[in-house]
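The chain that follows stands alone, in the form predicted on its own, written as structure tokens.
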Amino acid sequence: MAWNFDDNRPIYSQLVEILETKIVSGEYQPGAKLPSVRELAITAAVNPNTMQRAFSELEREGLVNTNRTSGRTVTEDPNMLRQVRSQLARGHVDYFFKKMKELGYTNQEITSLANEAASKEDNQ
């Protein structure tokens, strides 16, 4: 899988977001062992130090735990997982509204378009 990065933002912060998404979406299950820094750095085509920095941030947030003998694992705290998932969703919604307002849409028009898109998605 190719990891795409935005040149206007630090790579490590984008790695944090990608890994958070993989965790809250269930790709990396609660309590599951994560791939090594080196392995993920190769997959993402980034410097291992950059991946280590992203992992350090995830540990600081409490989303990832480091065990000296068994590597890193995903937190099993359901509240933490819900909180991070909600934060990520809120960021996407805020960004969407910002961009739609730049196009001149009102909140009501944006909501209408979003409901229309959701209905289409439900019918597929």
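Throughout, we count residues from 1 along the sequence that is shown. Everything numeric here is computed off the predicted structure, so don't read it as measured data.
Just so you know, the form predicted together with the DNA exists too; it's not on screen, but the next bit is about it.
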{"query": "Interface residue in the predicted bound form among Arg90, Arg38, Lys98, Arg60, criterion: non-hydrogen atom within 4.5 angstroms of the DNA", "finding": "Arg38"}
{"query": "The single option of Asn79, Ser86, Asn49, Gln29 touching the DNA in the predicted bound form, heavy atom within 4.5 Å", "finding": "Asn49"}
{"query": "Partner contact for Ile18 in the predicted bound form: the DNA, 4.5 angstroms, heavy atom", "finding": "no"}
{"query": "Heavy atom of Tyr105 within 4.5 Å of the DNA in the predicted bound form", "finding": "no"}
{"query": "Touches the DNA in the predicted bound form: Ala45 (any heavy atom, 4.5 Å)", "finding": "yes"}
{"query": "The DNA contact at Ala114 in the predicted bound form, heavy atom, 4.5 Å", "finding": "no"}
{"query": "Neighbours of the DNA in the predicted bound form among 82-116 [non-hydrogen atom within 4.5 angstroms]", "finding": "none"}
